[in-house]
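In C-alpha cells, the next block holds one chain alone, the form predicted on its own.
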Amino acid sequence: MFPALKQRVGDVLLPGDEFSPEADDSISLTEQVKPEKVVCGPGLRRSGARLVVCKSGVLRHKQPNMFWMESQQRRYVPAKGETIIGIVTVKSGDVFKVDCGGSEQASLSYLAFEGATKRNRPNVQVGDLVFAQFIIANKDMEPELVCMDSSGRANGMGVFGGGGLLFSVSLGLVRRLLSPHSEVLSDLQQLFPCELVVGMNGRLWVKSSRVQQTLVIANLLQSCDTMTTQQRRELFRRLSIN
C-alpha cells in the first residue's frame, strides 16, 4: 500500500514527513485484489489515507507490514498491555498510586494481585517497586495497573524482593533488550549472570551476586545507550579478557 515507506526503512525521518498511497494501489473492481494493511507502531499515525511521522528517529519494519520509529526517547507514554516497573507513592484505602514514569500516576487496586481478597491483602508499602501491566491507558482516563494476567496468575508480576538496583535508560534500548534475539542481553549474560527485569517505561532492575558486579552491569547497560554496535562489542570483549 505504501511502497515508498519500505524504501525508507533504516532512514532518519522527522515529524511532518508524509507517505501517500500510490495511484497503482487502488482496488480494481474487476480483479480480486486484497489490499495490504499497514500497522502503525510508535511514532507513526494515520491522517486520512496518508501516514504521518510524529516522532523523529529511524524507521523500522517488521514483516509483514508493521512500521515504527525507533528513537532515543526517554519520556514514556502509557500503552495498554505494556509491562512496567513502577514505584508505589501513595497508599490510600483500597488503591495504591504508582509512579510509572508518565505524565500522571497510575492506580493499582489491592485486589489486582494473585490470591488477593478482602481479608488476604498483599503486603505493599510506600516506596516498594512493582512489576505490573496496564489494563487501561488512554488520554481520557486514569491509567490502571494490575499484577496478574487474564487467568489470575502473577506470571512474574508483583512486588520486588529485597536488594537489587533500579535505574533508567532510553526507550530505544528497552526495545533492543526485549527483542527476541537481543545481542546486548546475550553478551551480558555470558559476562555477568544476573537477574534482570526490563520495564517498557525505560526502567531496569538488576540484581547480581555482589553489589560491585551489580553496579558494573548498570553502568554497562547505560553506556550501551550511546554506543554503536562495534563499540559495544569491543567493550564487552575487553571485559571478558579481564
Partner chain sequence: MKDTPLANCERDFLLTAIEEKKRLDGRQTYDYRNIKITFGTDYGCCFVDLGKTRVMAQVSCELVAPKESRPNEGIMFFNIELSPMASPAFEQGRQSELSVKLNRQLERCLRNSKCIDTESLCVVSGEKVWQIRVDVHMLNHDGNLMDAASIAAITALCHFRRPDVGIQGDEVTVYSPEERDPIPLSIYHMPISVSFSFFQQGTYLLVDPCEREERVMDGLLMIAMNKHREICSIQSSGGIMLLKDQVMRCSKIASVKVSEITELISKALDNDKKARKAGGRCGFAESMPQERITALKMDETPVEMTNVADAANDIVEKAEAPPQTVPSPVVPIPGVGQVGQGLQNTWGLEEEEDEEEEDENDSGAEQEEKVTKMEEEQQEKKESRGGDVVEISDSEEEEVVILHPETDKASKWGPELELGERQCSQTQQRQSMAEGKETQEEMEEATKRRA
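None of the values given here were measured: they were computed from a predicted structure. Residue numbers count along the first chain shown, from 1.
From this point on, the text means the form predicted together with its partner chain, which you will not see here.
The candidate spot formed by 176, 190 and 230 lies out of contact with its partner chain in the model of the complex, as no residue has a heavy atom within 4.5 Å of it. For the candidate set 89, 120, 123, 151, a heavy atom within 4.5 Å of its partner chain in the model of the complex is found for exactly one residue, namely 89. Of the residues 111, 159, 77, 165, just one reaches its partner chain in the model of the complex with a heavy atom at 4.5 Å or closer; this is 165. Partner contact region in the model of the complex: 166-174, out of 111-119, 135-143, 151-159, 166-174, criterion any non-hydrogen atom within 4.5 Å of its partner chain. Heavy atoms of residue 128 reach within 4.5 Å of its partner chain in the model of the complex, making it an interface residue. Although the partner is absent here, residue 47 lies well away from its partner chain in the model of the complex, with no heavy atom inside 4.5 Å.
Within this chain, residue 223 lines the site of its partner chain in the model of the complex, having a heavy atom no more than 4.5 Å away.
For residue 39, no non-hydrogen atom is located within 4.5 Å of its partner chain in the model of the complex, even though that partner is not displayed. Taking its partner chain as positioned in the model of the complex, the residues of 196-210 that bring a heavy atom within 4.5 Å of it are, in sequence order, 203, 205, 210.
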